[in-house]
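Read the single chain below, which is given as structure tokens and is the form predicted alone.
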């Protein structure tokens, strides 16, 4: 299991999204050492594969969050995890909506082959709003909190190591954990600096909060992409991060 560092920059997963391998390597060369945790998503992994994961870990000494959001029948997801077990992955994502049997199969493989890895269950994507909930699942706005609570309970019952959710749902997670008497690691995407939110620079995210708001609400880790990878002054942004809760 991961030990959460109290320093905000070490609790920030830097998303290497919308990059080629060459662009990612240039950024990693320039990235301050205190940012030691990077997220490799589906696009980069499909383009460059396991070799890229190893390269980032070995050449730049970075911890790896492989964000593949696996979601399929239990046997397929379990075999996929097994195929990744020799990679230096500290975190990997699966969709909680894959169901109890899939999540249990994931834990079985994790306990057998990849105890170095934390499996994170994705609840609902931060790009979704109440209209999407209604159109896709028939979940009305007033019952959205209950839908999150069901997924959080499922994660807890299947001993999934952590949750990926908007920081806006952290109060619900805290409530679930009080009743379950256990602690699920929380990872929150959809994080932007306040000036970006004020300017409307939030990309395709809908449920967006600042790093300070996320950590104040109990996030163990936050995920930030373009706010850092496209920053005009990255060192200044890292300094801004480290002022959070100081």
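Positions refer to the first chain, counted from 1. As the structure is a prediction and not an experimental result, all values here were calculated from the model.
One more form of this protein, predicted in complex with cytidine-5'-monophosphate, exists but is not displayed; see below.
Proximity of residue 91 to cytidine-5'-monophosphate in the predicted bound form falls outside the 4.5 Å heavy atom cutoff.
Although the partner is absent here, residue 77 sits far enough away that none of its heavy atoms falls within 4.5 Å of cytidine-5'-monophosphate in the predicted bound form. Using a 4.5 Å cutoff between non-hydrogen atoms, residue 192 counts as a contact of cytidine-5'-monophosphate in the predicted bound form. Using a 4.5 angstroms threshold between heavy atoms, residue 62 stays clear of cytidine-5'-monophosphate in the predicted bound form. Annotated contact segment (heavy atom within 4.5 Å of cytidine-5'-monophosphate in the predicted bound form): 120-128, selected among 120-128, 106-114, 77-85, 149-157. Judged against cytidine-5'-monophosphate in the predicted bound form with a 4.5 angstroms heavy atom cut-off, the residues 7, 170 and 216 are out of contact without exception. Residues 67, 69 of 62-77 are found to place at least one heavy atom within 4.5 Å of cytidine-5'-monophosphate in the predicted bound form.
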